[in-house]
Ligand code: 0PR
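Shown below, as structure tokens, is a lone chain in the form predicted on its own; questions about how it binds or moves come after it.
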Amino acid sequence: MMQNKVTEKYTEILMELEDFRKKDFSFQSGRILGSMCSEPHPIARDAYNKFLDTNLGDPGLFPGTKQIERQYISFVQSLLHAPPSSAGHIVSGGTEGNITAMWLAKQLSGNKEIIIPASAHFSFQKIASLMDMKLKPIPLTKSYTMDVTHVKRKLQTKTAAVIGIAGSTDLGTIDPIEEIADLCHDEHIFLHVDAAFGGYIIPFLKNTGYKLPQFDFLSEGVSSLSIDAHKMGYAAIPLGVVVFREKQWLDEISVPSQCISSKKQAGILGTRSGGPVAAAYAVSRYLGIEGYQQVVARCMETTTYAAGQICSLGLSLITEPVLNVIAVRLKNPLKVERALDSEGWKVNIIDHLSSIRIVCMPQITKEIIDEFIPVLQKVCQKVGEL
């Protein structure tokens, strides 16, 4: 009798959870067009579940999981042309990666000012508040990238770090990292590259012939770089990596750790699930460089197709897509966003550019774009955009 009651309660809870889940939008549906996260690859799901109860914060208990972490970080280091002296640290994503890098920059320099492009991710606002640091914004050029001439003017003895973006949140644009790196190298200033989005796209596109700027450790002035696997890496949420040029720098943000198997611990988090790391590792092994090249090439083909279809309606774009991000110029993006939402489509608003953002992630196909375009046209006609 008791067993029956337990089984009934178990089933009841799962049904309740299923009801909650039905209220969510899903990446699988293809109707989430504004997110930079992706539907995880099937092998990522399987790998994640196998490592649900592992904790990388206590590596002595999970040596196999720790080995996966080392091998996955090695894959990322190779992808980013990191030198043999480098070290990587697993983080939950771009925000934590940026915070960790700025924590290090502050420790190394003893300074509190961060030079950021006007396109910098909002995580830098958190950094300023958390670490009592001051942000020095740099205007953008007409191509929506950081204006290097203004960077040189802002550098001073109080500068802790300069930030460059490889795949901006708004438009997917890439700052002139190589020029910024040369400047930072000459002035001995810490340069962090936020490649949370672009880091899993640019290397593969360059391999397939796309002409994109250099953004990684090939430039000597790059000190650290953050990259997200749960975006274009096709992995499970949440998983990112921050890579530092010098392994010894991790000592600057390490603290003695007690009651666990490691004597020192770096980074912000103590407990870190091995599930997302196993998922990212599994996808990287399964797809490999060639597989990722095929994925990003399809995304760019879809982006080009979608941009053409949008323009054929009589709408215009903020800029030609650099990566798989499209910003559609509108008079009233909020009205369009709400109307699309009522039709079951999710896009994002870029208020300061008076536009909506569409990101052609791996789950977005040309067929989905063909479903979306008539809805966009109907909505834009209804609200007076066409």
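The structure displayed is predicted, hence computed values, not measured ones. So that there is no doubt, residue numbering starts at 1 and follows the sequence shown.
Another form, the form predicted together with the ligand, is not on view; read the next lines as being about it.
> What is the one choice in 121, 272, 106, 245 with a heavy atom within 4.5 Å of the ligand in the predicted complex?
None of the other options qualify; the answer is 121.
> Quick one: from 145, 265, 95, 214, grab the residue that has a heavy atom within 4.5 Å of the ligand in the predicted complex.
Of 145, 265, 95, 214, the residue with a heavy atom within 4.5 Å of the ligand in the predicted complex is 95.
> Though only this chain appears here, would residue 175 touch the ligand in the predicted complex if you measure heavy atom gaps against 4.5 Å?
Contact check for residue 175: no, nothing within 4.5 Å of the ligand in the predicted complex.
> With a 4.5 Å heavy atom cut-off, would you call residue 68 a contact of the ligand in the predicted complex?
Heavy-atom contact with the ligand at 4.5 Å: absent for residue 68.
> Could you confirm whether residue 54 comes within 4.5 Å of the ligand in the predicted complex, counting heavy atoms only?
Residue 54 lies outside the contact set for the ligand.
> Though only this chain appears here, would residue 169 touch the ligand in the predicted complex if you measure heavy atom gaps against 4.5 Å?
Residue 169: yes, in contact with the ligand in the predicted complex.
> Heavy atoms within 4.5 Å of the ligand in the predicted complex: which stretch in 254 to 262, 78 to 86, 230 to 238, 285 to 293 meets that?
Result for this chain: 230 to 238.
> Can you tell me which residues in 8 to 40 come within 4.5 angstroms of the ligand in the predicted complex, by heavy atoms?
Residues within 4.5 Å: 35, 36, 37.
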